[in-house]
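Only one chain comes next, encoded as structure tokens, the form predicted on its own.
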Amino acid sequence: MRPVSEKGAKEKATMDAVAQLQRQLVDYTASLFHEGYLDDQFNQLRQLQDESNPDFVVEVVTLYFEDSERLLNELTKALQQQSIDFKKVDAQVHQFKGSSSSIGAQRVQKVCIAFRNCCEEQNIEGCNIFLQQVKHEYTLVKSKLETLFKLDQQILAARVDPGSHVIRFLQA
């Protein structure tokens, strides 16, 4: 039996580390679905990513984050007005619900549905409660997705050579 070279041992250790990171990524992603943070729309978004656009999901989700921050600021300002334009607030919540749905942010989308009901009823107290809830759910899903993307980046960074057979999870 031939002794394992130092290079071979390092490669095996790297492959083991990558396999462990991949298991963490799979488990973490499964927990996001199980806990209702994400729905199947996120999987559909991932299927649109390919070798020609390997950062598609990160780019789309980053745009979602930017748009969401703007919408949440606008909603906060709109609900602080002396005279609230509930149709405008409803339109903004509808837009937020749609963009959340498009990336699979299920819990944010569900809170937006209840928020819209309060807009229809012109219930200022309910709108303010749901604004806080939607901010909370958005903050949670943003943090969860950022962690997911960091795990994916760690897997890419751990690869020894570009020709290795480690496949980016988000492309799978």
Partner chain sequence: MNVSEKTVRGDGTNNSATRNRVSVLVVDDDPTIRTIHKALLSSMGMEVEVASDGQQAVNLHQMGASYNLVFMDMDMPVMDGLQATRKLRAMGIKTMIVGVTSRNFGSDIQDFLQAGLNYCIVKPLTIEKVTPLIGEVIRNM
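The structure presented is a predicted model; accordingly, all values stated were derived computationally and were not measured. Numbering follows the first chain given and starts at 1.
The form predicted together with the partner chain is left out here; the points below concern that form.
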Problem set entry | Non-hydrogen atom contact Phe33 with the partner chain in the model of the complex at 4.5 angstroms | no
Problem set entry | Contact test in the model of the complex: Cys127 vs the partner chain, heavy atoms, 4.5 Å | no
For this session: Would you please decide whether Thr147 lies within 4.5 angstroms of the partner chain in the model of the complex, comparing each non-hydrogen atom pair?
Result: no
Exercise. Contact between Tyr37 and the partner chain in the model of the complex at 4.5 Å, heavy atoms?
Worked result: no
Exercise. Between the options Gln122, Gln133, Gln41, Thr139, which residue brings a heavy atom to within 4.5 Å of the partner chain in the model of the complex?
Worked result: Gln41
Exercise. Does each of Leu45, Leu48 and Ile103 have at least one heavy atom within 4.5 Å of the partner chain in the model of the complex?
Worked result: yes
Seminar exercise, completed: Within 61 to 99, the residues having any heavy atom within 4.5 Å of the partner chain in the model of the complex are Leu63, Tyr64, Asp67, His94, Gln95, Lys97, Gly98, Ser99
